[in-house]
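Coming up is one lone chain in structure tokens, specifically the form predicted alone.
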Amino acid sequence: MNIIDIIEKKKVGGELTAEQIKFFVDGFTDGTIPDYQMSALLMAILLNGMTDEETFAMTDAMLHSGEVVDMSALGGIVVDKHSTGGIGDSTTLALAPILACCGVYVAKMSGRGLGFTGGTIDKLESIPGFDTALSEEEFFEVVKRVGCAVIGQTANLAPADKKIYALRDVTGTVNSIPLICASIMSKKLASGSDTILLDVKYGSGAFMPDPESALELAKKMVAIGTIAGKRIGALITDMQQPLSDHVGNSLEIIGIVDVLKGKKNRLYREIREVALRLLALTGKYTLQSAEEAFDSAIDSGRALAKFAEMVRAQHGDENYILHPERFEIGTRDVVVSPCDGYVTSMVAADIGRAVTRLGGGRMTKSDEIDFSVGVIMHVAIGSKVRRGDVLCEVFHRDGKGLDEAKTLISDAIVIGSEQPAEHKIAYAYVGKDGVEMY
């Protein structure tokens, strides 16, 4: 077996065997297959695709390239949610305590932000003292005692994915559904949860541009997870505007506290939908009983108390959750409407880019983040506005990036004369038995 024969086979659309796929994944990871040959193979995969069997074999080889976490010692149902990313997507931070209140474990490994998408770990680190680098022993202890914990991804979780993704990023091969699927699912399967809900975003603030391509990716990932023996489903959700009213690290924690107090905004509605589907996936709940459990966790105040408990268990200052006015927030400015009309659309990615320009995100991995900056949205798609109305508040530090951020936001929020159709939170749900449209 050699890499040239594998490249030639995929170049003409042939189906690779599991052995051939393991050969090139292992070879590239250990350095015996060079970048230029792997680049050729990735381009052949991009152009000719992969079957579900090939995609599963690649996922399996990538997940076994490093550590596979064993959650069985927890002795209960362990759930995980993965979002493909977006603007103001802080669902994990509310879901973890809500789900813990519903009697399932959430042992979550999350990432940092890069570019215009925010990272869960960065948001948590805006809470003074919060430790996202717990040892494995302490991580499991917190999950067992509190019911939930969120830490950064370990260095040895699917190392093949890290190396392959870095090459895809510079060879124009990121936008391949089988490669995206293998990348996401290798990490999800390696992280050890037995029940997984995938939140696949589409729109101007997401990687997938439209619901149809998001649905194609979701079907592929659900098929792979099902083959792997997981209870798995996927929601296709809208990211054509920021998910939270609050965009920026400390601001998003404040927005999460609002949701856990019962504020029924757009973020709340998505969190509710994700939670109900995930609880039903466990087999412990029906959708109806999941709804009752979700409402009880919020209305009783237990979910907010659980979030504070998780923060305390991970060495953070819980007073910032119980009294979010303690967060340091930057100097306020505003973007106003230039005319009367309706908000007809948004370029969500540009609102994320505006926060990055203010210092709230990274352009490179080494960039320092200013937790105090960000945006609070006052409008959503469909909102009626008058000339001079505040579209959003912009929080900055000493004017850094302010003019550029305000220009990006002004251009990103489109105002027209016709009120657009109502935007649904979810487009479809994909389960092992098929697709349910909303």
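In this text, residue numbers run from 1 along the sequence as written. Quick caveat: nothing in here was measured; it's all calculated off a predicted structure.
What comes next is about the form predicted together with a small molecule, which is not displayed.
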Can you tell me which of 178 to 186, 293 to 301, 67 to 75, 328 to 336 lies within 4.5 Å of the small molecule in the predicted bound form, counting heavy atoms only? 178 to 186
Spell out, yes or no, whether the shortest heavy atom distance between Tyr342 and the small molecule in the predicted bound form is within 4.5 Å. no
Proximity of Phe140 to the small molecule in the predicted bound form, heavy atoms at 4.5 Å: no
Just checking whether Arg168 would be counted as a contact of the small molecule in the predicted bound form - the rule being heavy atoms within 4.5 angstroms. yes
